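Taking the form predicted alone, here's one chain by itself in structure tokens.
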Amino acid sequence: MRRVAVIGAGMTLFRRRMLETGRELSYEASKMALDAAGMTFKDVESVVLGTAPDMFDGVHMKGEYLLEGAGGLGKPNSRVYVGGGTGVFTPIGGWWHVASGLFDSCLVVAEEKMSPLHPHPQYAFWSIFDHTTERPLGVTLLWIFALEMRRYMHVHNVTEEDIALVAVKNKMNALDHPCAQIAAKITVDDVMKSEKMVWPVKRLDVSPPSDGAAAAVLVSEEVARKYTDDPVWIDGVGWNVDSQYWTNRELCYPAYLESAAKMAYKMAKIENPRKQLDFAEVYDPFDYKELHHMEGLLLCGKGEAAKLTRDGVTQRNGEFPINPSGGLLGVGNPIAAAGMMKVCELFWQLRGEAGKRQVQNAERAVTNGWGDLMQVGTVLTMKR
């Protein structure tokens, strides 16, 4: 199995209603990633696209639709789709293209344009619920995430104020991200007083619907040495899918993520994630999910994430920074592109190119995605 390096990354602005088409967003992110790598579209041998439902962009065969913008016409290509886990699974798809020896280079592009779906992107997910046991309840994703949040709070005696600290931190971190959609300086009180959506979820607990794209260039070690003296290596990948019947699972702990994390850590020879990693970009479409996923990634024990957050451990200048980018809560959440944004952030951080967001002495990091009916975990580790 060959080593796989990331040598370039790029992303568009994340916004609520972008004027660019999905193809144009894909092109913009791809061109930035290739320019950063010192390559052109002609230098790329294969393309992996990551997108969530076709309904977001309002087109069928969305992978084929985006292919021209990603420079994939006439080249071997594939599309991956595991809901919110897609953004991290996209570079995993590129990794196996290169690690297998099938290709020396792969451009991985994740795009989502959620604004065309009316009246709200939430409706795209109604079809994933069981038609007999769930749809008659009028259930939505927000509804079941509220159940999960409440269960987590109950089991570990975590308060709404504890969870609100995550939103405060991430929106503040996003003030230093040039692509951020809803960076802001807010307080716990602001979160607590924001509109209640489905208790205990409030508006400022939730990331926004977004349009955007992000991309990265993956190459073999031999190719990497031709373009840079400072590659960033993908050294661990993992994925896992649990049962779609979320009603039958213990919602206070993301077992699906622990399984995916252990797969990635085993590959990367990481035995103690908290000690061997320097920071993490944790999937945070809701503020409670940062805490939930910190525990699933084995960065702390069960029920310990809230205390670490209260104690400042997860601040950008803390002992173990979480989401120095600002995360989905601050930068935005164009589903597949959101996870890919986090992969780009790992690359920039590990290269020392994150500007005001830079984590000091960062050598190794992890990121994860989460999707479908609270069942998919995708994990990727990278190092200098």
Partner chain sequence: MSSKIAKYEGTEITPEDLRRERYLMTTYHTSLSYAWSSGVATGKYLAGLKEGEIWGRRCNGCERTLVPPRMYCEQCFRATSSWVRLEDRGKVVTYSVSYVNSDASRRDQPIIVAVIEIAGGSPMMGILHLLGEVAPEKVRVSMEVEAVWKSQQDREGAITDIVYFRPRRKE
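Quantities reported herein were computed from a predicted structural model and do not represent experimental measurements. Positions refer to the first chain, counted from 1.
Another form, the form predicted in complex with the partner chain, is not on view; read the next lines as being about it.
**Student:** With the partner left out of view, is residue 101 within 4.5 angstroms of the partner chain in the predicted bound form by any non-hydrogen atom?
**Tutor:** Flag for residue 101 set to no.
**Student:** In the predicted bound form, does residue 359 have a heavy atom within 4.5 Å of the partner chain?
**Tutor:** Residue 359: no, not in contact with the partner chain in the predicted bound form.
**Student:** Does any heavy atom of residue 302 come within 4.5 Å of a heavy atom of the partner chain in the predicted bound form?
**Tutor:** Outside the cut-off, so no.
**Student:** Using heavy atoms and a 4.5 Å limit, would one call residue 32 a contact residue for the partner chain in the predicted bound form?
**Tutor:** Yes, contact at 4.5 Å.
**Student:** Only one of 220, 276, 78, 115 gets a heavy atom within 4.5 Å of the partner chain in the predicted bound form. Which one?
**Tutor:** Only one listed residue qualifies here, and that residue is 115.
**Student:** Taking the partner chain in the predicted bound form as the reference, which of 311, 271, 161, 250 has a non-hydrogen atom within 4.5 Å?
**Tutor:** Checked against the cut-off, the match is 250.
**Student:** On the criterion of a non-hydrogen atom at 4.5 angstroms or closer, are 65, 68 and 229 all touching the partner chain in the predicted bound form?
**Tutor:** No: no residue has a heavy atom within 4.5 Å of the partner.
**Student:** So if I measure heavy atom distances to the partner chain in the predicted bound form, which of the stretches 166-174, 147-155, 103-111, 288-296 falls within 4.5 Å?
**Tutor:** Within 4.5 Å of the partner lies stretch 147-155.
**Student:** Heavy atoms within 4.5 Å of the partner chain in the predicted bound form is the criterion; list the residues of 156-194 that meet it.
**Tutor:** Residues within 4.5 Å: 177, 178, 179.
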